[in-house]
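Take a look at this single chain, the form predicted on its own, given in structure tokens.
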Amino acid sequence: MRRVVLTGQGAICALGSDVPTITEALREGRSGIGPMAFQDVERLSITIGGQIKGYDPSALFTRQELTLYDRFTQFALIAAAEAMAGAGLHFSDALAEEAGVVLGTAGGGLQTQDENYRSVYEAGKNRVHPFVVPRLMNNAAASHVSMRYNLQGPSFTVATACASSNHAMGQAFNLIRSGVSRVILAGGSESMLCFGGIKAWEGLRVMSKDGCRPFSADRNGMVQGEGAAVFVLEEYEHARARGADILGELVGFAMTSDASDIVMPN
């Protein structure tokens, strides 16, 4: 069995648009949960969430790219870019064939779905954009990440509700440990903070109206958030041969949830 290490990490969420900013916010105990802002939010009984504020996709993507990228795909690409920059990897033809991407998502392109339901049912239009299907598919984020970085190996999406990203990382770990791949970008992305997304969750009656208190005796529900996190998982000998900085060594990642099995450097 091959050893697996982490050589890159990237993230974007309500606490920040990169890992250092998010880490600082966590250390300071800042919360990213607050009032949400989107069309028809006033019609909802749940109006708080971990929404990324001040986000301007036009500053990060071209107009042509935005016709292809749902919000959850945009977040995945942002996180992947940070992870790849940290790993310092460049995929030649030989390595590209042994590199892939496994991402998790539960909702996929829910923002695109919500927008087009409005167009058809509320505005009464009879046509939608021809890229609606490529935008809303659950595998859209993984597909665009693989194309951007020339990852020609395994590329797929895991959709197992709230466990999607954990399962994606487990699958990525096993692909490297078994020798199928040498490098896998793994993690997940989600963005369902829109009228249709939150209205559906309201129907479950599991959402909190006033805050997130997961370990409190007076907890009254969950809070939705959005964002993405992507890690570069790499075969240990390959990382060592190219002199990569190793963030952490995954020893029993796919076999146990015991934190003692995840060895981090001093």
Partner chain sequence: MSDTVEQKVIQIIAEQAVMEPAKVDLTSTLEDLGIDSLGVVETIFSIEETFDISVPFNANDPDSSPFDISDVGSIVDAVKELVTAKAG
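Positions refer to the first chain, counted from 1. Source: prediction; values computed, not measured.
Below: the form predicted together with its partner chain, not depicted.
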| property | result |
| --- | --- |
| In the predicted complex, residue 124 touching its partner chain (heavy atom, 4.5 Å) | no |
| Partner proximity in the predicted complex: residue 117 to its partner chain, non-hydrogen atom cutoff 4.5 Å | no |
| Close approach of residue 128 to its partner chain in the predicted complex, 4.5 Å, heavy atom | yes |
| Close approach of residue 63 to its partner chain in the predicted complex, 4.5 Å, heavy atom | yes |
| Options 64 to 72, 193 to 201, 22 to 30, 211 to 219; stretch whose heavy atom lies within 4.5 Å of its partner chain in the predicted complex | 64 to 72 |
